[in-house]
Ligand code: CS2
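Single chain ahead, by itself, as structure tokens, in the form predicted on its own.
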Amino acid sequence: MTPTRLCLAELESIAPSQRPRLDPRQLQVGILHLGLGAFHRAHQAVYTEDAVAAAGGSWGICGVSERSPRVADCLRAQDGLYSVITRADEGSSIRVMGSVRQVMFAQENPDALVGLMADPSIAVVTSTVTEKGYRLNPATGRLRGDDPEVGADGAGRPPRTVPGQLGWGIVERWRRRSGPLSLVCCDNLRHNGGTLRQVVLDFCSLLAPGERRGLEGWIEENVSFPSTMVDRIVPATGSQDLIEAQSLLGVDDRGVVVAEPFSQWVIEDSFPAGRPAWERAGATLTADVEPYEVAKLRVVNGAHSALAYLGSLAGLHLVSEAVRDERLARYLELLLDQDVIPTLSVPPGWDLDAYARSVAARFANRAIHHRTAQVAADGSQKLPVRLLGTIRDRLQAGAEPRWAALAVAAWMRYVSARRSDPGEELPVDDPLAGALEARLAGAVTPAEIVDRLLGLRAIFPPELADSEVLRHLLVDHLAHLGRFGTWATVEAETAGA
């Protein structure tokens, strides 16, 4: 017998403790969100529902699926409802969410998306489209002006890229005099508010002069770009998660997402058209996000990427497997203590050592099946914000970034060998995959591989590419990874450290 599908009509059949904390039928849309993936549904959508439940407001979410209609179709069939399974080693809990009240597929009707962004009822536009969704040059943080898709959007076609959607949405809002707006990037970008602002301005500069005369001044006066820091581990949903959700709820939920218990959101409080009371849901509202942002990117995300590349090379498929191995656990400790933490300054009262120690415990959660391949994807976009800043700061301090350099060397081994030590194929899922392959063609020795990759200005700025200290570390690490394998290299590097 086919189980009943999760929907508004079935909410009464679900245990009260598992239902939304508000009546979804009464919630009007005030937030437009680009990137209706698992992370948004397990993070910002949860904070928003809790904020509205605590303080009220018309802050329902219209969620936009960017790359595929699958999620939009799924949630549309469920009246926007889905569940979040929170998993720890000691057990799981589940909760149905009701904050997503509308769904769209961006490519289905781009003009409707632009029109909605210009609607006066929308006061906040948030985004989680991953680093590559903003079409950035990672080394400069600016929009890639030579991107043909961005160029086509700028020429006036119905927009298909995120910069195009945001740019034309702002133009249409300006034309309609629809009032102020906040654009809130919730992706792991350095200075993500300022970066998003630059993306929008760079895109608007592509428009014909007659279409943008006065636009930049209007943006300056009416549009804010608050910086944020987001943190929660949200792995890809698998078939067993669907089965567990059905068992816990008694109905079929095909939109379920899984997350760890930990969650953090730090937000720059700059919202000219208002916002939900996210602080009532546990978010931190502040005038300066940067210290939190840098700490999270380098401590959590940097460590995650380091374990993903070393773990993948060693033949490990889950982050929890990697961090539970005593050799990689020791490496992680050295990376954080000797390379990362010395580069950070944090707000008063924040225990940075405790924050760093918590990372291993979070990654070790066996109930969260976070795949190393998933974390290893898009390395060209992630390295600059997760690891290269640490390396730059240590070099400027006159230190050798030995441990962070090993992580970058592991990435170089990953994209050049494309096989793990046991012989499994390693997928290179990266927007610069073609450039990486072309640059590495014919490179055999560690020195050739390092020099070819350091020459990619889209990843490595001149100050790092020209560093003899860094080059020596990378060549040495890469040679050892290739000759002796990951385990022997990590053991030799950490011995006596």
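Heads up: residue numbers just count along the shown sequence, starting at 1. Since this is a predicted model, take the numbers as computed values, not measurements.
Unshown form predicted together with ligand CS2; subsequent notes refer to it.
Asker: Ligand CS2 isn't shown here, but in the predicted bound form which of 224, 188, 338, 365 has a heavy atom within 4.5 Å of it?
Answerer: By the 4.5 Å heavy-atom cutoff, the listed residue in contact is 188.
Asker: Only one of 126, 246, 301, 86 gets a heavy atom within 4.5 Å of ligand CS2 in the predicted bound form. Which one?
Answerer: Residue within 4.5 Å of the partner: 301.
Asker: Is there a heavy atom of residue 97 no more than 4.5 Å from a heavy atom of ligand CS2 in the predicted bound form?
Answerer: No, residue 97 is distant from the partner.
Asker: So, in the predicted bound form, is residue 386 in contact with ligand CS2 at a 4.5 angstroms heavy atom limit?
Answerer: Judged by the heavy-atom cut-off of 4.5 Å, residue 386 is in contact with ligand CS2 in the predicted bound form.
Asker: Can you check whether residue 289 is within 4.5 Å of ligand CS2 in the predicted bound form, heavy atom basis?
Answerer: Close contact is absent here: in the predicted bound form, residue 289 is far from ligand CS2, nothing within 4.5 Å, heavy atoms only.
Asker: When the contact criterion is heavy atoms within 4.5 Å, does residue 173 count as touching ligand CS2 in the predicted bound form?
Answerer: Because no heavy atom of residue 173 falls inside 4.5 Å of ligand CS2 in the predicted bound form, the answer is no.
Asker: Going by heavy atoms within 4.5 Å, which of 325-333, 410-418, 77-85, 225-233 lines up against ligand CS2 in the predicted bound form?
Answerer: Only one stretch qualifies here: 225-233.
Asker: Can we say 402, 470 and 480 each have a non-hydrogen atom within 4.5 Å of ligand CS2 in the predicted bound form?
Answerer: Checking in the predicted bound form: none of 402, 470 and 480 is within 4.5 Å of ligand CS2.
Asker: Determine the residues of 375-397 with a heavy atom within 4.5 Å of ligand CS2 in the predicted bound form and present them in sequence order; the list may be empty.
Answerer: 375, 382, 386, in sequence order.
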